[in-house]
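This document starts with one chain, in the form predicted alone, laid out as structure tokens.
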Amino acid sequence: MARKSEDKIEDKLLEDKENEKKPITLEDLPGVGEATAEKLRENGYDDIMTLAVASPKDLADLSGIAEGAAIKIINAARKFADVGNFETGEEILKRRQEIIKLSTGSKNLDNLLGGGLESQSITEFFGEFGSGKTQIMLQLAVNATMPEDQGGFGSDVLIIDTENTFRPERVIQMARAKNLDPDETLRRIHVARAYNAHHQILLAEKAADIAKEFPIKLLIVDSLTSHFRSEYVGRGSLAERQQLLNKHMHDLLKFGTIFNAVIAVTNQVSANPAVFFGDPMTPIGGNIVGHTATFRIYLRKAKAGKRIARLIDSPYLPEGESVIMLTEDGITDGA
């Protein structure tokens, strides 16, 4: 009986809000009073969508409310946000029309990715040192700040820098090549240095706060696995490392979903002696990274500043390769 009563309350609230055309607030959720709403907001859960994609355990641990109450709050939020229900393929196709795509600066690479990097997804670039991973990240950051009529998002950018590779001088070069104001471009790129794995995870969690102040449409992590690889060494720490890495990647994906943002990450590789044919380089992170990254691009060096970009994983695009060029002006098409 209690469950039916709650359903009726939720249905009535939905109907009222649709008629009034007003946004639903936390206080509209059954069981959320002023005190609970304040706790939720203090811990970053300040809108319906953020609650809808939360896990009950995380919500309970962070907000100090009972896990049973957290489950009820999340279920109500999912109903209001229309998340977690069965949909027809047609409805999903309509929703995917909200997806936006960011150009890499190379038409070849954009075509390989079906038009550019897709929002609400994680695109991973992995390869050896010097393969061009960071250069592509910097180019993406510059491109995202460009006006929409010039192929950009007209947005700000967040970069989580784990290896101290961000260079404003390089951004200035790339911005000038695009006829952009270098100072304005740098003002729109927000960089945080991550000093260890836990700090990296914290920065990803706090990205949502920055996105409420600035129009963030691109979040970069360069590199994704560096700290995890150096801090969790040996088989004894593998399970903990993978668990933390899994949480981190899902936090990134959640940010992309909530803010309709592009998530771009770089990853390192290691030699795999078990491979006898083809390239022996294997990306770090195992199945956790492999299953969570939506698109995976393998970069390798070629001659005369060229790089080979190979799409090795995508939900709907075929595997393929393209040639790109790293120049003083940024990322361009290879000859």
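Because the structure is predicted, anything quoted here is derived from the model rather than measured. One-based numbering along the sequence shown.
The next section is about a form of this same protein that is not shown, the form predicted in complex with a small molecule.
- The three marked residues, Ser226, Glu231 and Arg296, fail to reach the small molecule in the predicted complex, with no heavy atom of any inside 4.5 Å.
- This chain is displayed alone, yet in the predicted complex one of Glu205, Glu128, Asp161, Asp110 has a heavy atom within 4.5 Å of the small molecule; that residue is Glu128.
- Only one of Thr123, Thr134, Thr145, Ser103 lies close to the small molecule in the predicted complex, with a heavy atom inside 4.5 Å, and it is Thr134.
- Look at 73-81, 240-248, 94-102, 168-176: in the predicted complex, residues with non-hydrogen atoms within 4.5 angstroms of the small molecule sit in 168-176.
- For Leu317, no non-hydrogen atom is located within 4.5 Å of the small molecule in the predicted complex, even though that partner is not displayed.
- Remark: Leu326 counts among the residues lining the small molecule in the predicted complex, judged by a heavy atom distance of 4.5 Å or less.
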